[in-house]
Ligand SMILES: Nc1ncnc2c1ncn2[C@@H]1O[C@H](COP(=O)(O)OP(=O)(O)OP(=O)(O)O)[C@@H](O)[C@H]1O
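Just one chain follows, in the form predicted alone, and it is written as structure tokens.
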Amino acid sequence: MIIKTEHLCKTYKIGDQVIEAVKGVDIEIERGKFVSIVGHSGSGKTTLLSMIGGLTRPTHGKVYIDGINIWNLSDEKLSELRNKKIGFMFQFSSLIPTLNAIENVMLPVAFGKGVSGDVERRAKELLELVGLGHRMHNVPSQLSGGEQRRVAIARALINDPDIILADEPTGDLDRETEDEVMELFLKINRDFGKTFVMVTHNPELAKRTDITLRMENGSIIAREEHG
């Protein structure tokens, strides 16, 4: 299993109130699978994804990436693992407005160690992959919402991660652009064997993934495999 969680929990204390955002979640995800996580707002989807990605520390439980219990690592080692193993995509592209497309794609490399090869060449190849080879020198304000999302996808792939974690990556897009982005995700998953875990509110997108996990009140209440 490339991803495994054991009894994963996250609680928050707000005043005298204790909120259980995630309650004892156990999941196993095989390498190369495309998994969607669905559920109502506040069901714990984003918190779960954040703990899997090493961004939010669990209150209890374990997260294994390639057999490594990531929350036993030092901050430095955890940062290295995230940079090497995981690409992140969020609802908003979060591009740096003063950087052009290729500079935004190369940005994560600035935080990595031991990056080898021609980074600029790889960034150009990724922009070609997402259909933006002709827009690599445009700044975000010169790109459409869908094009900005494609730059964010290329950026998530720059370190050649094994895992892509996507939190509502199409949430602010129109239907046509949403379909285009999903097709690109499926192509990357199929052609390059990347493991995807995607939080989405869209049941139609979820049906196009290999497995759907449904969350409610911090727990996974159903698992559905799609043919």
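All figures in this text were calculated on a predicted structure; none of them were measured in a lab. The first residue of the shown sequence is 1; numbering continues from there.
Absent from the display: the form predicted together with this ligand. The rest refers to it.
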| property | result |
| --- | --- |
| Residue among 170, 159, 46, 195 with a heavy atom within 4.5 Å of this ligand in the predicted bound form | 46 |
| This ligand contact at residue 41 in the predicted bound form, heavy atom, 4.5 Å | yes |
| Interface membership of residue 201, this ligand in the predicted bound form, 4.5 Å heavy atom rule | yes |
| Close approach of residue 21 to this ligand in the predicted bound form, 4.5 Å, heavy atom | yes |
| Stretch in contact, per heavy atom within 4.5 angstroms of this ligand in the predicted bound form, of 62 to 70, 187 to 195, 174 to 182, 33 to 41 | 33 to 41 |
